[in-house]
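To begin, one chain is listed below as structure tokens, in the form predicted on its own.
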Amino acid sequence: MTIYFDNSATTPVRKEVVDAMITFLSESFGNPSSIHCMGRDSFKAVAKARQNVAKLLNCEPTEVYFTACGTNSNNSALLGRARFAEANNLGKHLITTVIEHPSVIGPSKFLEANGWKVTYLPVDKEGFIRKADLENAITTDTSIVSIMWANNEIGTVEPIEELSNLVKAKSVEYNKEIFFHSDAIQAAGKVRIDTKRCPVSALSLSGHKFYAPKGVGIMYLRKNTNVMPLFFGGGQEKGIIPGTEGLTNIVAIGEASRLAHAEFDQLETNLRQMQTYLIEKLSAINGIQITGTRDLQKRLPGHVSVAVENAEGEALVMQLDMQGVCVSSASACHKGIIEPSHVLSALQVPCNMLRGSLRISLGKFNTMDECKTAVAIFEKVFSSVPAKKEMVST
């Protein structure tokens, strides 16, 4: 039996989602842009999916744009807004954080190489942005702020409502629109996202993080907020994300959004119970440090991350895999050198633990029995890590 504890990497596609897709794979397969009956049926299916996503985000359906993935959404939001800022002389200053996903760090580095000033905000030892740091970083040249809603490695949930309201207030003070984007890819379906309460300009989501297939994402773009396209050749998604719609995947993410909205409370309760159990048991193991916050109300439900003393993350992943448990590590081996996670480095995790990162991420289909079985395996594998030998002088 395999215990899959890597739901932050990807989730299985739910049966209900598969069932919703099948009709549009083999029967109602028309191009949504076609005006005949098959096309009209597909167009209606896309519209229904857009409505379901809008309910999940508490936004208007017209504010939902379908993309190919979360990375596409992040790039379309950041680089698309940067194009608009450059075209309208709005200032070439971007503020982001040191713990962002590579799909935000990458566009930020690209803009930096092309004349933009980029400010990378630090975080505290739990991974939280300091409000004062953001406030002090904003200037009259600031056009874009991008802060992730929840961190994929350590599960920390940033106070996005508070931070976006700060940016909104600065926009009023400077009499200019500062575009506030949040990578909400890990948050979707696990944390309540209410765009009516939270004045974000744009959000990025990815279907395969909440039980839809890989290959479909969402960009939420607030009404009357402008970005310019990065791709050209079609008028789909108002010309911002051109190209023939991936009908079946759009239907899938719509159904996954509907289910996530309907089942939110029960899923959160179940994930919190398993998360609490795992944190309690893992904290008792020698040489283990929980990374990120211990305050579960400020952490993704079902997310547990640890650093193992004197260990290498990839080696632990392989050992656990051999024991039937699937987890992930943020440390990676490049040319024989274990490189620590940039997120754990930002948290100032001790050097003897920096390379031994593990992420355990639970999902809808995990059980408490699996957690109990996994804990015994974790204890066995972690206890097998050899102690670091002390240097003896002669």
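Just count from 1 along the sequence shown to find any residue number. Predicted, not measured: the structure shown is a model, and the values here were computed from it.
Same protein, other form: the form predicted in complex with ligand PLP, not shown, and the subject of what follows.
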Looking at 311-319, 112-120, 98-106, 191-199, which stretch has residues with any non-hydrogen atom within 4.5 Å of ligand PLP in the predicted bound form? 98-106
Sort through His93, His208, Arg258, Arg81 and report the residue having a heavy atom within 4.5 Å of ligand PLP in the predicted bound form. His208
Which residue, Thr291, Asn152, Ser143, Gln275, has a heavy atom that falls within 4.5 Å of ligand PLP in the predicted bound form? Asn152
Evaluate Met148 for contact with ligand PLP in the predicted bound form, applying a 4.5 angstroms cut-off between non-hydrogen atoms, and reply yes or no. yes
Can any non-hydrogen atom of Pro340 be found within 4.5 angstroms of ligand PLP in the predicted bound form? no
Given that ligand PLP is not shown alongside this chain, does Ile185 nevertheless sit within 4.5 Å of it in the predicted bound form, heavy atom to heavy atom? yes
Does the 4.5 Å heavy atom contact test between Asn249 and ligand PLP in the predicted bound form come out positive? no
With the partner left out here, which residues of 61-90 have a non-hydrogen atom within 4.5 Å of ligand PLP in the predicted bound form? Cys69, Gly70, Thr71, Asn74
